[in-house]
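This document opens with one chain alone, in structure tokens, the form predicted alone.
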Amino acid sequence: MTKTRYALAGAGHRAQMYVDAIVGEHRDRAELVAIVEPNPVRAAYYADRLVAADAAPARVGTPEQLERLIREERVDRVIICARDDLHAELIVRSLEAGADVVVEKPLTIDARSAARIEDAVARTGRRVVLTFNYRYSPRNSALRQVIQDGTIGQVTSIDFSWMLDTNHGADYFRRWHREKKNSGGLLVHKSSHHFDLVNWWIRSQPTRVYASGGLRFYGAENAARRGLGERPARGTHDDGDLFELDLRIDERLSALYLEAEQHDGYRRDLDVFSEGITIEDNLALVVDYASGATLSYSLNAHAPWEGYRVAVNGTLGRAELEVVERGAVLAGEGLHPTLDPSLSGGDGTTDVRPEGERLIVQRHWEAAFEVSIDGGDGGHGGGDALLLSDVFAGPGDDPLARPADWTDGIRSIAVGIAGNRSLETGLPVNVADLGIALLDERP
């Protein structure tokens, strides 16, 4: 079997999923031949990982050398895991150099760069694959199946609430995501996952967005208002601060960031209550769809538990999905806490929010019933493994249409981009007015 030749652009934390897949389950069909990364420590981390896995060494270069590496190493596909605001430039250059692209969400962060990608795809005829792993989570696939089967009829409205806890949610306010110029804010960086799910679940396109929200918990002003006192720019590692991230206790984060910051000055562990945060931590949107459905969406980035609730109303009934990814963040659990349902709460009571998922469907004039969810091992309930199989082995005939491309990427970020404009103006924004040809379809 001829192996597909890959380049990796961006060697941060997220890149490991792809590198491990290439040297692991998919090594018979894929090889990593180039690593494109400006920080030599991060580049070396993954170059060494290849050697440790008995894979052929990859050539290492900087982003300025991207086209040369694609040409000289005969790269077929570029996997892009770089900072969000760099996606569009790397996508366009890769396409023009003759390679297809696999890119982490979001596709990009604003309308102008989205239009650049649209133009590059049209000119080159090459492919751009979006890795929306949430589509592959069995619970989300189960909800898609219920809607697709017509069990609840034509969808009329969706209520969607997403809770990011004080472990995961706080992390967006420590790193580069905290500046909207880098990430587009949580409406683009994080919520593009959620908007893609809605687009995919109901098979429709967003047409108008109204947003409200702000920075109400994190940041220096909120800390001062709550009397938290003076805080260092980054953790002091000795005061028991529950919001502190100590990179030294995580081997991978230390290797990728703490040991690498001397080369580019990037600090991965900024205080969540420091100056310089320009993104929101509380958001609410109303989104109209071409099908006639309306989405009510909210995101909270400082919740005491993590998960989401979705209620889909239809002409024949209602489907409700509740997912608890982490029932509580408890003191002393470290960087990657998990909650044992048998643990007690802070007041000695038994925890009543165990991790799990439940999909309930109820048709009009009928009793409710629970839909079985067949989960798997690994990230996102087994969804990551299914996604990686489609990326590296090629998608088969999927009745749920889970594989995504750049058009799905644009439709997902369209909601966030329009939402950001609405936050700025205080007015609803028509998606067709964003200046992206794909979206210029008025109902």
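A quick note: this is a predicted structure, and the numbers were derived from the prediction, not measured. Quick note: we count residues from 1 along the sequence shown, nothing fancier.
Beyond the structure shown, there is the form predicted together with a small molecule, which is absent from this document and is the topic of what follows.
Inset, instruction - Can you check 148-156, 200-208, 286-294, 186-194 and let me know which stretch has heavy atoms within 4.5 Å of the small molecule in the predicted complex? - result: Partner-contacting stretch among the options: 186-194.
Inset, instruction - Using heavy atoms and a 4.5 Å cut-off, decide whether 160, 216 and 304 all contact the small molecule in the predicted complex. - result: Negative, none of the three is within 4.5 Å.
Inset, instruction - Give a yes/no on whether residue 175 approaches the small molecule to within 4.5 Å in the predicted complex, heavy atoms considered. - result: It does: once the small molecule is placed as it appears in the predicted complex, residue 175 has a heavy atom within 4.5 Å of it.
Legend entry - 4.5 Å heavy atom contact, residue 42 and the small molecule in the predicted complex: Residue 42: yes, in contact with the small molecule in the predicted complex.
Inset, instruction - Please run the contact check for residue 133 against the small molecule in the predicted complex: heavy atoms, 4.5 angstroms, yes or no? - result: Residue 133 belongs to the contact set for the small molecule.
Inset, instruction - Answer with yes or no whether residue 266 is in contact with the small molecule in the predicted complex, where contact means some heavy atom within 4.5 Å. - result: Yes, residue 266 sits close enough to the small molecule in the predicted complex that at least one of its heavy atoms falls within 4.5 Å.
Inset, instruction - Let me know the one among 224, 258, 86, 316 whose heavy atoms come within 4.5 Å of the small molecule in the predicted complex, would you? - result: In short, 86.
Legend entry - Position in contact with the small molecule when the complex is considered in the predicted complex, options 105, 326, 180, 144, heavy atoms within 4.5 Å: That would be 105.
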